[in-house]
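Next up: a single chain in structure tokens, the form predicted alone.
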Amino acid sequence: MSQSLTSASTLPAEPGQDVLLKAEDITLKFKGVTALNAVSFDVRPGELFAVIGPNGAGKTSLFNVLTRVYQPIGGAIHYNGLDLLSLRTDKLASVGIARTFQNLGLFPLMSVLENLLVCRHHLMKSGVVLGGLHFGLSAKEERSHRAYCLEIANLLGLTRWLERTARDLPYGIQKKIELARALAMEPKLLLLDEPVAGMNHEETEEIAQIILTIQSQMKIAQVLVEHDMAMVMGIADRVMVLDFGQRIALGLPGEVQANPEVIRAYLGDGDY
């Protein structure tokens, strides 16, 4: 991979060293129902951090707090030296946070390349007027952004689909486009919302390998929410388990798998 795709993030920190994201006692309620109850965790630079739990455990609620969709009633989140809870949703891209969506967020009538390019809008400096004229700074910027998107497409195996309209492509390819769009934003923190949902075994293996490549070559910290336990335990550095909005375990995959509370939470759920 070329140097241009390397993120500014560093390798995973040792315990006690700086963290990229730190959440402390996050509490979220909806009409008296506690979705998250004093949840605390941290994500280190370059780490692959997974969040798992039975249905209704609070995983999506946590993601929606991190992406500023929901405002918690208690707790604090600090990201890269910033108070994350003071930021608006539309400012997340500019500070280096990107998210994929389980149900896809593509522009269906745009080509694959156009879907990637539009995600680099926050990085463009020439402005709308010069951008429409396509000369000078604008032309140079467009070449640079296009080149970056082509590298992302190559990394995810999307090169052959670049000129195809997104809605005309198979579901598995659309999931890869969703991931490529997030990477095109050059994030320091990538939030992955069930990236292999609805995929077969072969597709799941491919996405898992891509996630590991993102970690090893781009050095991007990733927070992964996923129901495929075999996939999660095979690639995550650390795993946090939620149950009824409460953190019941956090540690290395092997430690979490052997935790009696985790086993109890999944009994009869069919996911473990």
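A residue's number is simply how far along the shown sequence it sits, counting from 1. For clarity, every value in this text was computed on a predicted model and none was experimentally measured.
What comes next is about the form predicted together with a small molecule, which does not appear here.
For the residues I26, A50, L66, A35, the 4.5 Å heavy atom test against the small molecule in the model of the complex is passed only by A35. Of the residues given (I220, A57, I211, L224), A57 alone sits with a heavy atom within 4.5 Å of the small molecule in the model of the complex. Look at 40-48, 27-35, 201-209, 228-236: in the model of the complex, residues with non-hydrogen atoms within 4.5 angstroms of the small molecule sit in 27-35.
Remark: none of the three candidate residues (F107, N115 and T159) comes within 4.5 Å of the small molecule in the model of the complex, counting heavy atoms only. When the small molecule is considered in the model of the complex, S61 lines it closely, a heavy atom lying within 4.5 Å. For Q174, no non-hydrogen atom is located within 4.5 Å of the small molecule in the model of the complex, even though that partner is not displayed. In the model of the complex, the small molecule stays beyond 4.5 Å of every heavy atom belonging to N80. A residue is said to contact a partner when one of its heavy atoms sits within 4.5 Å of a partner heavy atom; E194 meets this definition for the small molecule in the model of the complex.
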